[in-house]
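In structure tokens, one chain follows: the form predicted on its own.
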């Protein structure tokens, strides 16, 4: 009998545990460890943040589902890793702290034969002074709880606008190396449309602030998308959309401090500037959770497992940007030092950025970190689960399932407004995610598979995917037929 432990119940962790339980017989134990009591479909948080959905439409409780599916669920927060065990526990184990119930605060040791670290990112609001959600008129949509607060503040702002007050709204990234520009883009577009719905759009100045060198970078060095029969850069596409909506742009900005109604940033020219606001939604930096790791004698071996995020089968050799290649990216998400440990999704340490790294004249790095959210998180989680299933069933360590972001495609449907008849969406597919200029010298990607579209159909598809992926996450009949 094998015991597989999955850390984290987000998109990666929940996907992995679903496939593990589906494909392993009941003699094998599947365990999931997470401090969260609910699963949340994160892509729909932006709709919670404009009051168009309630949290109950985007979440469901984990405990009943895991009990029904014979998955052991431990509601606890992981603290340390012990891949070699110790004098008492000969297998690898992790320590975790219970977060609820009579055992809250108590530490438990959870041993494993195989471990999947799908803990995702720490939302590192602390990296930007004053950025904590709920303070200084700033909000977030990174969790459904944050999104509820964002809508509460936005609704109050709309009431002020109805009374004739002119306001300033700032939405974008809240750190010089933040990622997830896509979520901020969706939110600014939805907020803009909602102001029209409440007949107060003329009362607001809306500004996009981002660490991107050009808008439309999205942490992927931008895209050249096929729009109908024409090729169009994502820069031109997003600039066109922003101009059409009357949204101002501040780019190449590294936000470093937030005060009441003021956001402070540095640009690549080394200038320090201030943008005032009445309402702001700023995406924080993502970071690793700061886990520690120890060998069987208690020596610190954190550097064998972590480089901020978890080390996997990537090439982490330091080299100039011009020498980075798609071959640097991982294919199995397996830790090279401990072959029974894996890290899909945001939990793995990327070998380098995708966007060109740039620093200000003051030496401050200002550029997006590489995205690993959404579709790549699900794909890599299934890949890892499939490899572990084979390792258990065939009793060997040869990994057949491979998937690098250097040859992996992805689809992104960004909501730009909610509504069955008035909704809008920007649909973009890209292949590969990490551009390969040696194989595709013109744009770095396959033009016929990197396409874009604008319109109502995109909203319908995103809304359909909301229900489809929640159906899949609840492991309803034939859930596995829905692709990642």
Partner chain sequence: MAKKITRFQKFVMHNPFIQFFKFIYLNIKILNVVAMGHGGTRNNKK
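Worth saying up front: this structure is predicted, and the values here are computed from it rather than measured. Numbering follows the first chain given and starts at 1.
Missing here is the form predicted in complex with its partner chain; even so, the following discussion is about that form.
At a distance of at most 4.5 angstroms from its partner chain in the model of the complex, all three residues 243, 330 and 457 contribute at least one non-hydrogen atom. At a distance threshold of 4.5 angstroms between non-hydrogen atoms, residue 134 is out of contact with its partner chain in the model of the complex. Proximity of residue 402 to its partner chain in the model of the complex: non-hydrogen atoms within 4.5 Å are present.
Among residues of the shown chain, residue 470 is not one whose heavy atoms approach its partner chain to within 4.5 Å in the model of the complex. In the model of the complex, its partner chain stays beyond 4.5 Å of every heavy atom belonging to residue 104. Checked against its partner chain in the model of the complex, the candidates 62, 50, 42, 451 yield a single residue with a heavy atom inside 4.5 Å, and that residue is 451. Between its partner chain and the residues 214, 129, 113, 239, the one pair within 4.5 Å by heavy atoms in the model of the complex involves 239.
The stretch that touches its partner chain in the model of the complex, counting heavy atoms within 4.5 Å, is 310 to 318, out of 201 to 209, 310 to 318, 357 to 365, 294 to 302. Taking its partner chain as positioned in the model of the complex, the residues of 377 to 395 that bring a heavy atom within 4.5 Å of it are, in sequence order, 379, 383.
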